[in-house]
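Below, in structure tokens: the form predicted alone, a single chain.
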Amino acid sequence: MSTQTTTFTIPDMHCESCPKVIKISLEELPGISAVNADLATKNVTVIYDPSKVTTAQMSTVIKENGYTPQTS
């Protein structure tokens, strides 16, 4: 399996539950190996298999949870 890493900046993360919600929702997608959501930096780093999931799909999931993802 070939993995890639992408980072989203999510400026509207504002409390401790925000990174947890995003992490849990992204981990439900197929092909996600790891998610690191950091409230202090407002960054979410995702290691994923691009043959199973796209960054667009990840963005959609983040938006469905009420956040505004920006790719870095």
Partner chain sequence: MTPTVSIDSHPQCYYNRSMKPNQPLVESTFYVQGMHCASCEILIEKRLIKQNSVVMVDAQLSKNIITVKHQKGDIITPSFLNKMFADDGYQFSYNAFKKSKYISANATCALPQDNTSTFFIAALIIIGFLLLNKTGLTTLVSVNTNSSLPLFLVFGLLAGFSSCAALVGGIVLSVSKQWVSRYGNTDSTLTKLQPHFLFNTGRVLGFILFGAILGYVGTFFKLSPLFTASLIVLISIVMVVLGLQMLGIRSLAQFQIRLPKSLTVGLADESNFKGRLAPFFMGALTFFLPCGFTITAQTLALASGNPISGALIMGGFALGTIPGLLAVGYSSVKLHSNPNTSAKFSSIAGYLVLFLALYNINNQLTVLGLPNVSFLFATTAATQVAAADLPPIVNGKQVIKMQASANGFTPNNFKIRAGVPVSWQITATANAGCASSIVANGILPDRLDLAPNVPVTKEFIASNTGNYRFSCGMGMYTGSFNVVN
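Residue numbers count along the first chain shown, from 1. Just so you know, these numbers come straight off a predicted model, no measurement behind them.
This next part talks about the form predicted in complex with its partner chain, which is not shown.
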Distance check, residue 52 to its partner chain in the model of the complex, heavy atom within 4.5 Å: no
Is residue 18 close enough to touch its partner chain in the model of the complex, meaning at least one heavy atom pair within 4.5 Å? yes
Any chance residue 29 has a heavy atom within 4.5 Å of its partner chain in the model of the complex? no
Does residue 63 reach its partner chain in the model of the complex if we count a contact as any heavy atom within 4.5 Å? no
Across 27-65, which residues bring a heavy atom to within 4.5 Å of its partner chain in the model of the complex? 28, 39, 40, 41, 42, 65
